[in-house]
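In the form predicted alone, a lone chain appears below as structure tokens.
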């Protein structure tokens, strides 16, 4: 365990007392030139960084009209004050969304409004100094871009957009975050976040085939780079090696096998996640998205399916066609892209999968709505499908399913605490404290319903919970993949 105090799980959403500057010490490692330059950023803080930063802010204001609305519209009503999981966990007032936004807004007012130029103190404007830049670096890396505060803002101010803009400015002056930028560079060089080369992927998949054969007696294939398959599966690289992720990948393969759907993974695009979103860089988002298109064209697939990853699905659902389209070479009968839950749900609805719910009777399950799925995407043909489809899958494979309190799920879901490019050990204190509201809700349903397992469809959520659950008295293996539960319940046909 790290050397900090884990917040006490009190009565649900008890308002914390304020502790000014409680997290001012929290900063991720700064990116070195070897990680900056491949992304098109300066390798270190440029000499005239103030001018570069102000010019970059002006450019973003011109490109993104919503950003200027967000800068001008806030009336300090306080509706967002208690909506941030990091504020609840840290008690630092700068983790109130409005206060975090004001770190950028005050600079915007100083350089881009007449009152700020003439009467800065009267309108809360301030010069861009090294101290302000340091505050940016600290507190805009205490936002997971989860957008929960935006749900409650009467003016629709999107704090995630403000965070992304500020991170883009910091990258432009040479002060980027090591974790996110190193990961993006690995995707450009090798094809996935973890730097796993093609032979390592192949070995892993062959091992899964042997494992499934041993467990079930059925030959289930986990193909890589196979041309002519119907489906290109693009899944987070965590699915290739770590529990509970790999159990989800096993489940994907069983679903495709039982449904008779030919599929393949790609070593060129072996990563669903797109950290270009986290750093606010459309150019890097596009480069990563184009790898998916290139793989689909090279392999001659008919449709693209994304695995269990929250922000990967947000980028895929909201931006993939814009970044890498048009996908007019794919089968027009299917949406571009599809989520693996949409595929599995459709097969269940059509009776194409035989399921034994009793296989999961040793578990009592609840579901965590991942932020980027809940507040930035949809699934299926009806509004709210991103909430109903995973739950209908879980109810189809489990006899014991229970929801957490209604104001902690769905559109109001709380972040796991590790999203937005913050899933790094140098931010462990922030991650643990940010998980507090979700841990409170989980504790409630565990006490009242005897829930033993938390299911999720996001690689970051699963990795985060595996690390922080023990801080709150739970076990690491209480976090599971939705398709792990599908995998355990599915009855395979040996004849296929």
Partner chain sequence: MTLASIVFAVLFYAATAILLIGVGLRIARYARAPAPLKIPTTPAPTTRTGVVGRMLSEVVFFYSLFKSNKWIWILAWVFHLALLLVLLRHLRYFIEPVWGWVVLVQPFGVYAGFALLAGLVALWIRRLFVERIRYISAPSDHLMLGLLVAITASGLAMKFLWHTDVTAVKVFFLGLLRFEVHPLPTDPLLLLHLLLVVALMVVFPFSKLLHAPGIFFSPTRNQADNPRERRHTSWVARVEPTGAAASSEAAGAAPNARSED
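Positions refer to the first chain, counted from 1. Here the structure is a predicted model, which is why all the values come from computation and not from measurement.
Although it is not shown, the form predicted together with the partner chain is what the next lines describe.
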Answer with yes or no whether residue 118 is in contact with the partner chain in the predicted bound form, where contact means some heavy atom within 4.5 Å. no
Do residue 324 and the partner chain come within 4.5 Å of each other in the predicted bound form, heavy atoms counted? yes
State yes or no: in the predicted bound form, is some non-hydrogen atom of residue 411 no more than 4.5 angstroms from a non-hydrogen atom of the partner chain? yes
Is residue 216 close enough to the partner chain in the predicted bound form to count, meaning some heavy atom within 4.5 Å? no
Where does the partner chain sit in the predicted bound form: which of 174 to 182, 191 to 199, 307 to 315, 242 to 250, heavy atoms within 4.5 Å? 307 to 315
Quick one: from 402, 152, 137, 111, grab the residue that has a heavy atom within 4.5 Å of the partner chain in the predicted bound form. 152
Just to be sure I understand the contacts: of 283, 361, 131, 203, which is the one whose heavy atoms reach within 4.5 angstroms of the partner chain in the predicted bound form? 283
In the predicted bound form, does each of 7, 10 and 237 have a heavy atom within 4.5 Å of the partner chain? no
Residues of 322 to 348 having any heavy atom within 4.5 Å of the partner chain in the predicted bound form, listed in sequence order: 322, 323, 324, 325, 326, 328, 335, 336, 337, 338, 342
